[in-house]
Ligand SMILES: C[S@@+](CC[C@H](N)C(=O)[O-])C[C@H]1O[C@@H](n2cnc3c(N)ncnc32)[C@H](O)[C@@H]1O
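Listed next as structure tokens is one chain, alone, in the form predicted on its own.
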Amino acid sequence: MTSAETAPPPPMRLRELVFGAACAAAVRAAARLGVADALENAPMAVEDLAAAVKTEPKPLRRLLRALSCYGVFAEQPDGTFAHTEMSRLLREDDPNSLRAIALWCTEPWTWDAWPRLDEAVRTGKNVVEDLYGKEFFTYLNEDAPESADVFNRAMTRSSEQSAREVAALLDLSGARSVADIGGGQGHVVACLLDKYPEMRGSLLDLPRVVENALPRLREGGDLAHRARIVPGDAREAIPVPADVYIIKNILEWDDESTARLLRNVVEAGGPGTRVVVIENLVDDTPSMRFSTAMDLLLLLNVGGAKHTTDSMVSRLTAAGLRVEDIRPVNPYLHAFDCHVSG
């Protein structure tokens, strides 16, 4: 992070901030063109890169020069360009790749929605329904299938990366069963079943989501004999008995939906059941800029919100959960370890 002594003066910094869209667009362009994938370990001439990604050399140089100002790629004294730690994260084959999330955060609908942020702040409501005449995820699946695919890939990659950290953090010794509520393709369940060979696991999510559950959890998979896949909407009911329930990154809807889901978990588990809630927080200092930006994006698309520690605790307590521990999973996620009161 830039120190106070070397930080640009306020007029320069504000000029940079209002051109934030140019930086986001540049990252998106590099990701879509596959520049990071084409760039080898050794620095490359722009002409060679341009040939590899089928662009004109001069505008590609302009794109790379703009990105190098932010530490994404590095221009060498001889005019070639090399990878940086950040540019490698745009490679599809990097184990910590952020290419999918970079595309998701800059999808075409975001460019329609951001200019109406003042309207969302004024009303407290999402703007997507006015823009497209339907709820956000309905719009994605019906009218923007490419964006829906980007969303699914971004969520899958994010889940893959965080599931291992969640499994490493949680001590579920003594629990016979675990249920991941809204668990997507089941990465967390799979990691926990790997960690605890005697445990059984359930995955509950919408039918269209669990259709694409990990092959390991489905019939013929190596974990299928210990895994149960349950199609359903957790906001309607949770027909899954378990010793431990995990709720990860799905309490970002409106307050009523969040309360309903937590109520359903409490009813499904009963007194004494352990519930682990894992969320991004907007008072989570290491990732404040990212988390607060995602918070505003949630306001725009679904009218939802990221939580502060206090707001999360108050919602959990109101639902009948006793919060016993709060720990960081990684710089972006915190785990709230709870039990059902009673």
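Residues carry their position along the shown sequence, with the first being 1. Bear in mind the structure is a predicted one, so any value in this text is a computation, not a measurement.
Quick note: we don't show the form predicted together with the named molecule, though the next part is all about it.
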item	value
One stretch from 193-201, 225-233, 268-276, 138-146 that, in the predicted bound form, holds residues within 4.5 Å of the named molecule by heavy atom	225-233
4.5 Å heavy atom contact, Lys248 to the named molecule in the predicted bound form	yes
Proximity of Ala259 to the named molecule in the predicted bound form, heavy atoms at 4.5 Å	no
Partner contact for Ser177 in the predicted bound form: the named molecule, 4.5 angstroms, heavy atom	no
Contact test in the predicted bound form: Val209 vs the named molecule, heavy atoms, 4.5 Å	yes
Contact residue in the predicted bound form, chosen from Trp114, Trp253, Tyr132, Trp104 - any heavy atom within 4.5 Å of the named molecule	Trp253
The single option of Ser159, Thr84, Asn264, Thr80 touching the named molecule in the predicted bound form, heavy atom within 4.5 Å	Ser159
Interface residues of 138-155 toward the named molecule, as seen in the predicted bound form [heavy atoms, 4.5 Å]	Met155
